[in-house]
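Have a look below at one chain only, the form predicted alone, in structure tokens format.
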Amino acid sequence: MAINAKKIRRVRQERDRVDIVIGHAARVVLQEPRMRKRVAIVGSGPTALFALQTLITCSQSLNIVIFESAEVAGKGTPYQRGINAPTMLSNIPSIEIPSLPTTLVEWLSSQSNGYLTEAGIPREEISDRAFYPRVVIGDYFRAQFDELIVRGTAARHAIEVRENCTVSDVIPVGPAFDIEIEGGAPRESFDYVIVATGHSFAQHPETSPGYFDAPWPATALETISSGKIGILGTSLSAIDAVVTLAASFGRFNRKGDGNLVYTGQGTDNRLHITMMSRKGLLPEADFYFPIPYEQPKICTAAVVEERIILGSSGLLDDVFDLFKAELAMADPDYAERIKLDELTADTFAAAYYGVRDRREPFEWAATNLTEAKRNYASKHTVAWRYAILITHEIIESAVSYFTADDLARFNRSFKGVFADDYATVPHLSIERLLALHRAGYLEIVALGDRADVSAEGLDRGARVTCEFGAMVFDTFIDATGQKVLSADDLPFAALKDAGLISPALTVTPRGGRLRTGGISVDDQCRPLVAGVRPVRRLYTPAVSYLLHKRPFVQGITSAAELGETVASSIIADLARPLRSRKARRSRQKQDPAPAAAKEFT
């Protein structure tokens, strides 16, 4: 790790001394290591980073061990070099990254000219509204990670980072947990465990010749030969895959008039990329809006919470009515243009996408990009876009209370509106797509509601069959992003065997329970035994297991919220009076719950 070893040793020497006052004299003794509560953090990406930042504020000295399976800790899968190509852009600017020891702008400004040149960042263009390569964000996170370790050690915490260290199981033992490591190392006991494994992608995405079930790692894409390439998806993940491939077979250059052009290279350049999605639409370019968010006037968190208390029946429609009223108040002209008063939660998406549906995708993207740049220059906010943006997290708070039918309705169309609005992409990403299209290397296809992808009968690649026919590709890449994982997918068998992990369930209209994927957790990300009782000292803020009920819990801001939530819960648990802990144990003796699960609740 790139940490000042001498500084760490000096701070550790001070950390391990405790002043004990006896009368008027003081003597120095070594603090017993076993007196410290031990906290294991599995994973070291953004969620772990923000959890660490909160944990080191604990007044009790902690022993924190961070396990990272990758070679470099402190970055996270979406920002690791090798997994991401230098051309892949993050879609969050510095101003939106939650507080860390140093802001991204401050950190970039302190970097050498050589580093900035290699990253393609002109020093004079460093801005809190600019977007930067994912690998640069990763370097920034690593620097913050190192600084938090120094600060945590100075605050009398023992912090250890283990890189190239894969946790194979988390084993409940009495009131604690043993961590088992691949390779046969002795188990270690911890009082608290945070499973912060973040995004989950296979290390080898090419599952058959020419068939990739993910666009990561980028090094795998760089081995693809020129030819007909199909990419499923049109979000930033798919755009990153397109740009990575394009960089292998040509170059982007900005002309004197400011336009970006793409020039193919090589004598055997047969590159042709087809992006595919249900609607065949490109995402919006990032739009200007004030930060921090303004608060909604009608569809507020308090009002939605009050409605949730009344029960699940009709919840989606009632929340949509609040959203509709907010949107109409924010932008009456837009409301009239799309006939908002006639729309429902099931029909709103069609009206929202209506303008794009009626225009050629790249023509619309060029117009939208021009508008977005103009609004940035004038600092103008489009009211209807901003209203959707500031309500998306409030709407999400109701999702876990939807009935199974309403959840299906929400996922079918309404959810996509919010994802489209908050997941806008950097202007440079749109410029690159336009340049590739103008050069004849890129097209986009709408697959419709029914499409099938198969590699059967092909030596390589895949066949995509949709409503209008079939397309055969030499290479196929599924770039639809992080998949929702279920409780069965959790790699820690001992937790499941002990009954501490339960699948998330959704209420049916008749009062039954339907499994909808993911893990059942409470608002502190503690697993719920049988979907009811939280497991103390175990936390699962792993994004891929939360997406079923928290569909917008992606990105750095969500990671910060999750990390701070679980760390604050640990600190609060440590501060609980001893009497309340004894009372809890007394109640548990009278509880008929299974012993394996009862030990931890």
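So that there is no doubt, residue numbering starts at 1 and follows the sequence shown. Here the structure is a predicted model, which means the values were calculated and not measured.
Keep in mind the form predicted in complex with a small molecule is missing from the figure; the text below concerns it.
Engineer: Among 528 to 536, 569 to 577, 57 to 65, 548 to 556, which stretch has residues with heavy atoms no more than 4.5 Å from the small molecule in the model of the complex?
Structural biologist: Selected stretch: 548 to 556.
Engineer: Just one of 429, 234, 391, 197 has a heavy atom within 4.5 angstroms of the small molecule in the model of the complex, so which one?
Structural biologist: It is 197 that has a heavy atom within 4.5 Å of the partner.
Engineer: Identify which of 476, 79, 140, 262 has a heavy atom within 4.5 Å of the small molecule in the model of the complex; exactly one of them does.
Structural biologist: Contact with the small molecule in the model of the complex is made by 79 alone.
Engineer: With a cut-off of 4.5 Å between heavy atoms, is residue 212 one of the residues that contacts the small molecule in the model of the complex?
Structural biologist: It does not: once the small molecule is placed as it appears in the model of the complex, residue 212 has no heavy atom within 4.5 Å of it.
Engineer: Does any part of residue 492 reach within 4.5 Å of the small molecule in the model of the complex? Heavy atoms only, please.
Structural biologist: Flag for residue 492 set to yes.
Engineer: Find out whether any non-hydrogen atom of residue 240 is located within 4.5 angstroms of the small molecule in the model of the complex, and reply yes or no.
Structural biologist: Flag for residue 240 set to yes.
Engineer: Wondering, does residue 52 line up within 4.5 Å of the small molecule in the model of the complex on heavy atoms?
Structural biologist: No - in the model of the complex, heavy atoms of residue 52 and the small molecule never come within 4.5 Å of each other.
Engineer: Indicate whether the candidate residues 46, 134 and 166 are all in contact with the small molecule in the model of the complex, with contact defined as any heavy atom within 4.5 Å.
Structural biologist: Yes, the whole trio is in contact, each within 4.5 Å by some heavy atom.
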